[in-house]
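For this one, two forms of the same chain are given in structure tokens, first as structure 1 and then as structure 2.
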Structure 1
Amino acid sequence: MSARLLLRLHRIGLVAMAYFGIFYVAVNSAAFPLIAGKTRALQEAFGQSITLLGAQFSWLLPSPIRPDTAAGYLQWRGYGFFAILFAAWGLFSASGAVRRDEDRGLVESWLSAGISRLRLLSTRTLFFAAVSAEIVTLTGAAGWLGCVIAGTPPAVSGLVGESAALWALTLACFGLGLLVSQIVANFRAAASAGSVLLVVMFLLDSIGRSSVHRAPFTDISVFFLFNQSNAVAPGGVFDPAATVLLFVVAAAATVAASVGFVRRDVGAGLIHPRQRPKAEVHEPSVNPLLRLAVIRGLWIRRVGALGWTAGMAVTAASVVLLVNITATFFASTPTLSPYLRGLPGNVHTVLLALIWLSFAQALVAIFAITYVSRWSSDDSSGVLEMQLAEPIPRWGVLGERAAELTVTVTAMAFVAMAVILALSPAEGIPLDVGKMVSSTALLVPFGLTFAAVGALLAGWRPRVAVVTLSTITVISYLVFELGPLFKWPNWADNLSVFQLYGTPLITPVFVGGLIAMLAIAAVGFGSAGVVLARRDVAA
């Protein structure tokens, strides 16, 4: 397999991780003097506050080490978060390398061309190992440069050690993803089972970090092995034994996956339940819902929509419990007030607004990107051609797409709102129901803004739509984060869709931002209709 083909198959994850990894560490390290203060006294006070805050969030991130320095802050907020991000990237890349390509018929074509199964799997593994090493290296270099800008360059040996540990974790999760993908029968099952495995391993390590006496069974997690190294922070250590063990896990899982790939049939898993024979059906479905515009799309994708809705509801419940735990700590620690962004009101409500709306915006943006990915794949898989042959006019297809996304986002947002309103009184969080409704309703135009841009890209250049939209989303988020730190003018801040949304749970609705989001949605879908009408399908 050519390097060009492999690069194309991995381009989405590669570009997304490169953008986010490099910019995230560069910003969190270079902006340290702006966050913590420029004098040593301010930085030490900030470090004490972060140490106390880190103790409250030990279930999520390892305890910070020397957060009064740029390198220590980068270790806690940067590499602590990267453990989750790079692990997920490795697992989903493995699922895609095996099952998504197999579902598309690519694996069968490659095997029929004379490529052996072992060569196919080893080539994909070695290529991912090479590109992930490159991304991890660039991320470490960006972190070093950011700390230099902040005035406290970290030890190069520490960055190299931590980068090696992060690379080992990524490869271990890639190997586990390969192994899980041989057991199940398709990409969706592989991604779901892999996600469950990843969550279980993270929870095991989280339980161990949060417990006074760590239980032995929590040490089997790959996250535990990664967290043995914290070499970026001053005084941190690099654990070569734990890192080597991660490489061993990666190699063992990859070998086991190779054996499973050789033994199983293409399109099937190693474990598959017996199915009762079913009679062949040559008549169209009698389900009346499949004959109604918009409803048919909602019915076909009902399982995915219910999953997103349930996930957003669980996130909302978790945030409510987190706010109640954290609010007292913030109220008793004045040095943490910058994290509240100067927003007025009860600390419980402010924290709910900052934490929940951040999660909600992220989930809605990711959901919109997944829909754009499906719209792009419909163009090349023949689904769009079948829709047009029914016949459905092209503007009708676009209208159904927009309406289906609107209905799903609305359901996700308001179900989560209902969960928050139900749990908040018991947790002592005062809420204005009117503001809660308005902030929830604004998530709909927020999601449509990303979807409209994605629809235009999917109609114009389907192959690059997801990568381009992901890039726009990351840049928009970075503008939202960097604007207040560097005190950019309002017009620069308003280039971010996250800024246009505002903080409607605390402050009045940003009318100008709402008008801008609606305008982007209208222009984006309108332009997408024009482009889709003029372009040949799959061209």
Structure 2
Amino acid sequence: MSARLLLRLHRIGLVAMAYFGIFYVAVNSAAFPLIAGKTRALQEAFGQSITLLGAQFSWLLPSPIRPDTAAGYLQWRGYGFFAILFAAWGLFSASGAVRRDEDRGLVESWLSAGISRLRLLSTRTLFFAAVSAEIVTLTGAAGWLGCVIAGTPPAVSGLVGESAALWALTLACFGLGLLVSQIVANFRAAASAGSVLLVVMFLLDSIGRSSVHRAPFTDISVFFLFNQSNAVAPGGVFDPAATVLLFVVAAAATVAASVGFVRRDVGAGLIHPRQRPKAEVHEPSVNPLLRLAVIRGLWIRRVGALGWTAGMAVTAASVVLLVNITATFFASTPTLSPYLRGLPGNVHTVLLALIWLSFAQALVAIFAITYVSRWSSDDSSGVLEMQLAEPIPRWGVLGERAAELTVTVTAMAFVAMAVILALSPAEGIPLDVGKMVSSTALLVPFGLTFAAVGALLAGWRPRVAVVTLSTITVISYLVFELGPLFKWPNWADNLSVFQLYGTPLITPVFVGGLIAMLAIAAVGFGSAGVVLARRDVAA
């Protein structure tokens, strides 16, 4: 297997982790003086606020150590949070390497080409170990650079130790992902079972950390082992024994997975659920939903749509519950409290608006990208060709796609709105229902804007549509997030699609932005229709 092929197979995880690892760490460390303040007194006050905030979030992240320093802040905000991200990356990379590639028939073709099972698994493992080491190293380097920019470089030995622990955690999760993937028979089951395992281990560590009584089996959690090290923070420690134990978990799980892979049939899991004999079916489905335009697509993708809707609702609920904590944190932080005084309207409402709408926009944009990804794969997999073999015009297919996305985004946004409206009175957050409805409704043209650009890209060059749209989205989001922080000029801010949405929960609807979004959506889908009509499909 060539390195190029392996890179291609791992590209999504690599791009995502490069962004979260390198960019996120560098920006957060470098921006420390802007957030915490430039004088020692301000930074100490900031540290106290973070310590209070950290106590409330101890179920999620380990308690902060010296958050009044850039390195301490990096340890808490960066490495604490990254444990979850890197663990998930390791797990899903392993599930994909084993099960997704097997579902696609790639594993069978590699094995039939003469590669042994052990060699295949070890090649995938070694490649992942190499790239994850690289990402972890670059993350550490980015953190060091950020702290240098912030004026307080951390100890290199501490960064090296913490990076080793993070790498060990990633590999342990990769190994566990490999092992779980041998037991079940397809990617969905492997990813689900792996996620459950990860959540259980996370909760074991979380309960052990936040409860008075030590929870049983906490020590077997890979998160517990990782959190024994906090070497980036001044005064923090590196626990070599815990890190070595993580490597041992990684090695043992990988060896066990190899044995499982050698013993099981390709395309099957180690567990064979006995299939009950069923009578053969020779009639078409009677489901009327499959026959109705737009509804049929929604029905086929109902599980994904429900998952997104539930995810958005949970995020909305979490945001509502976080508003009071965040308001307290802002009020008690000297560098942040001026922001509260300058806000238009009730503090809680404004914070809800800023946090929720930022999350909602990001989620809707990501959702639009996943839809565009499906449109592209429909083209390359032949689904579009089959659809066009039926007597429906190409613009009909495009219209159905846009309508399906509109309905799903509407459902996601309004269910989340209902959750917010239901929870906010109990949290003492006054909300204007009219503004809530308009800000929710605006998420639809916002999503359509990304989808229209994606539809045009998918119609023009389906193979590069997702990468290009993702790049546009990330740049757009960064401009939106970083512009105000670094005081970029207005014209630069206005390049962001996120800017066009405005802040409709606290300010009047940005009519110019709405018109611009609708115009982009109309022009994008219109152009996509023209491009799709002229293009060869499945060529």
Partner chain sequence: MTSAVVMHGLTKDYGSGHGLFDLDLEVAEGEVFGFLGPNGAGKTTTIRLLMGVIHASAGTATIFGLDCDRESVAVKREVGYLPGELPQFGGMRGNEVVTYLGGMRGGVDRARVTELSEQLELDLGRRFREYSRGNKQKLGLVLAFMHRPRLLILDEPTSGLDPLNQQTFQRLVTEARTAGGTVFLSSHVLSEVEETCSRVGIIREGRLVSDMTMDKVHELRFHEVVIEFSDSVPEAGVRAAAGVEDVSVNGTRLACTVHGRFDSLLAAISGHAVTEMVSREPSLESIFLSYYSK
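Throughout, residue numbering runs from 1 along the sequence of structure 1. If you're wondering where the values come from, they're calculated on a predicted model, not measured in any experiment. Whichever C-alpha set is largest while still superposing within 1.5 Å between the two forms counts as the rigid core.
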Checklist outcome for this item: Note to self: form predicted on its own is structure 1
Next on the checklist: Using the rigid core as the reference frame, would you say residue 200 shifts its C-alpha by 2 Å or more between structures 1 and 2?
Outcome noted: no
Checklist entry - Does the C-alpha of residue 516 move 2 Å or more between structures 1 and 2 once the rigid core is lined up? => result yes
Item to check | Per-residue C-alpha change between structures 1 and 2, residue 477, threshold 2 Å, rigid core fit | outcome: yes
Checklist entry - What is the C-alpha shift for residue 420 between structures 1 and 2, rigid core superposed, to one decimal in Å? => result 4.3
